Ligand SMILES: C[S@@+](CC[C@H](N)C(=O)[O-])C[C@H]1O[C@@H](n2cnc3c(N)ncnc32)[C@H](O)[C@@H]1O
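As structure tokens, one chain now follows by itself in the form predicted alone.
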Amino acid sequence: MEIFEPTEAPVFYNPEMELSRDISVLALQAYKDMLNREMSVCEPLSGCGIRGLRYAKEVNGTVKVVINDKNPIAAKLMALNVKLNNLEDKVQVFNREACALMLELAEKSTRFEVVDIDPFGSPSPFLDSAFKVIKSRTGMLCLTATDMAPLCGVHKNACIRKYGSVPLRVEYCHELAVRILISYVVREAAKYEIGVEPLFAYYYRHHVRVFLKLSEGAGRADKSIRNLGYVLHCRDCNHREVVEEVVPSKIDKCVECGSQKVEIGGPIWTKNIISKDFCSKMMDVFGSKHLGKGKRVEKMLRLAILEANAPPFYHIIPLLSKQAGVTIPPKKMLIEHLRSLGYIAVETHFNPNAIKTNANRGELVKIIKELTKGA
């Protein structure tokens, strides 16, 4: 058998996504336990099929997994992997274009509790078909986006085309990317009278990933829409403010410094992007799984639980210190000082040098100056 480097192989496999697959196993197990019944999974963009095979082998209560890739070589390799793992009774292999397969399954009234869209680039071309094949009352939609340049504002027009949102090139761009992605799903789901609730979301290296619980009904869709809004960012003082409006009001100047250099990003999801309860359920099943990236996964989950109910958008301490014109204080010291003043202050998985707090940027600048005085 010929051996290929991952980047040169005829079938896509990314070893860097092992952490993503580990987290996904925990998320699906936690969701299955929430459902308290057997579960089926559709993964229409499978590459060599490793993610879907792990669902079949490692998520207790998974009775059916559909894996698919339009590359015929990939389909053959997936079939071989299914056989080698003795999963013929659980896993079905298809060789179709992803959207065509989901529509074909939907036409046959085949529905899944979980649909996992893990593309190279944006998941947006696959959403419409996914909503047709997922169980809208009890489904969980898992999405990966690797097109970080558009989502982080490097290619603004591409983000507007793919997600219908204006991105911003700001220090908290990775969290903004998550909120833009969720916002897009909410608006697409509303067309089918489906509500969306984020269960878990994260950023890691080259991608963002979200796990979204769906619920059926026009009222639930309307409620999700009401959780959309915009972020206002001042280019002079770095103040950021979330406004919960379907259509943003006209902004003349920054409420903090009076500058007229205020940019509007969005629409975005304005509420929590992590459910503390769901994240805790993931931690509960963590001990029963043997994960290759277990230590890193555990650290991410612990940080996610801390920041689950924190205000939106983090502050990177070195950038904050530069703005204040002071030396960089230890993160732990800054967090403890903010808490002593009555503020919320927590670490974030988005950046090891950042914090989330309900103190605004102007207050943070004053506080960090005072904290480092005489240091």
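Being a predicted model, the structure only gives us computed values, none of them experimental. The first residue of the shown sequence is 1; numbering continues from there.
The next section is about a form of this same protein that is not shown, the form predicted together with the named molecule.
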**Prompt:** Of 97-105, 267-275, 215-223, 229-237, which is the one stretch near the named molecule in the predicted bound form, taking non-hydrogen atoms within 4.5 angstroms as near?
**Reply:** 97-105
**Asked** Using 4.5 Å between non-hydrogen atoms, is Glu171 touching the named molecule in the predicted bound form?
**Response** no
**Message:** Check Glu197 for me: does it contact the named molecule in the predicted bound form (non-hydrogen atoms, 4.5 angstroms)?
**Reply:** no
**Asked** With a 4.5 Å heavy atom cut-off, would you call Gly47 a contact of the named molecule in the predicted bound form?
**Response** yes
**Request:** Answer yes if any heavy atom of Arg21 is within 4.5 Å of a heavy atom of the named molecule in the predicted bound form; otherwise answer no.
**Result:** yes
**Message:** Please identify the residue among Lys70, Lys331, Lys57, His337 with any heavy atom within 4.5 Å of the named molecule in the predicted bound form.
**Reply:** Lys70
**Request:** May I ask whether Phe313, Tyr343 and Glu347 each come within 4.5 Å of the named molecule in the predicted bound form, counting any non-hydrogen atom?
**Result:** no
**Asked** Does any residue in 291-313 get within 4.5 Å of the named molecule in the predicted bound form, counting heavy atoms only, and if so which ones?
**Response** none
